[in-house]
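Take a look at this one chain, the form predicted alone, written out in structure tokens.
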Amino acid sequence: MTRTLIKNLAGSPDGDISVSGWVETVRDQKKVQFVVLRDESGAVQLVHPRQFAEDGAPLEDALADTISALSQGTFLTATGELKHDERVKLGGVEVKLDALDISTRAIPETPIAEDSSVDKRMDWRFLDLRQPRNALVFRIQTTLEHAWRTYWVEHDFVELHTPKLMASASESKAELFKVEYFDGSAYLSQSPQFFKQMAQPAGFGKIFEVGPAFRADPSFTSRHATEFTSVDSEISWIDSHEDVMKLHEELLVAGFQAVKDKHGDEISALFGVEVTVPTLPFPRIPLAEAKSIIAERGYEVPRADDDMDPEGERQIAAYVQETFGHEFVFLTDYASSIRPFYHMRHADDEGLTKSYDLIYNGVEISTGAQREHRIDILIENAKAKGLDPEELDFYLDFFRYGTPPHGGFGMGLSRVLMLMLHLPNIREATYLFRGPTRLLP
């Protein structure tokens, strides 16, 4: 008999049915047994009345014995008679059992419980992901990525897969993972920055990539990981970073709308969160102005450089929510002293770059900018940052044979999910988290 997904039982007629999944609970009562079986789509109640003789004595019942011996997590196939009954709280249907075919039995004692720590749950992630709430995160992720990819494809973007083994740093040399590479060394890519820029002189025009990135950052915060999925896009023929921000906000609206349409009710039920599709355009605030705003709110950013700090991001996000009713804000025009050499400076103020950070619910999720495409200025900017242009020669070659004005952004996928669902940490928004002390499972 063909397997039926549990979510499709409500629309199936009464009669013979076969379902497969894992045992969630067993209620082994004197006269009747109940099993809640769950698959990837939902849960259903299986029922088996015990067999008794006319004098009330229990009869031999191999199926009842099998049910009594079931442990939570056992994978099995159940066949029986589907019955619609509005009195059944679990979906209004149940299956009266004829037979059980056990695929694999589970050890009775499970290693994690509802109150287990997040570290313990990560140790047993495959069990943790059996919980509908935790599994839903990755269905949402699928919908979000599909919506983004649909947007890109419909707007004539080209998808790239850039290499993750590099001969030199793509960002900061301080955050590199160095690996043996035959007779020499290589580095794990911190971002596809150089290679997505290479697509611009190649004439691709508009590109995107969703792929892994690596940062050797010994951070133990709720929002950092040493391996993460980076969402990147780069476009040619722009006038300023405003063009990049427009792409970025339209992409996010497309993704959030798709998630709300497909999963909004489930998210509300399981996370207690209402997904808000942001309105266009997102608020834009120059960084210097943002610092003045939060200073008026009583917070001074305690940094020696010109950057914003996490508390400052939370403060400006609170201001934007109060003032504009918006969960997103672009902080723009960052100082060149804290931006990479390839961020374009303002023509009338060399101290500022045509760049931005995107803040969502108080946390930075992305950095974007117009890139510097003029080779002579790139070289001077690199020197000013203390970099040796000869070490960047392969990158600088991209700009020696004609390059259009271009820009783009990189965004952390798991951070977006974490903030959308109001999760306490990025681990719960990552299928298998990697941090300074975690390489398993």
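We number the residues from 1 along the sequence you see. The shown structure was predicted, so the numbers you read here are calculated from the model rather than taken from an experiment.
As for the form predicted in complex with a small molecule, it is not shown, yet the points below apply to it.
Highlighted residues 130, 134 and 427: none comes within 4.5 Å of the small molecule in the predicted complex, counting any heavy atom. The small molecule is not shown here, but in the predicted complex it comes within 4.5 Å of a heavy atom of residue 367. Although the partner is absent here, residue 70 lies well away from the small molecule in the predicted complex, with no heavy atom inside 4.5 Å. The closest non-hydrogen atom of residue 342 lies within 4.5 Å of the small molecule in the predicted complex. The closest heavy atom approach of residue 406 to the small molecule in the predicted complex falls outside 4.5 Å. Of the candidates 291, 196, 263, 121, 196 is the one whose heavy atoms come within 4.5 Å of the small molecule in the predicted complex; the others do not. Only one of 47, 411, 392, 378 comes within 4.5 Å of the small molecule in the predicted complex through a heavy atom, and that residue is 411.
Across the options 297-305, 187-195, 136-144, 326-334, residues that bring heavy atoms within 4.5 Å of the small molecule in the predicted complex belong to 187-195.
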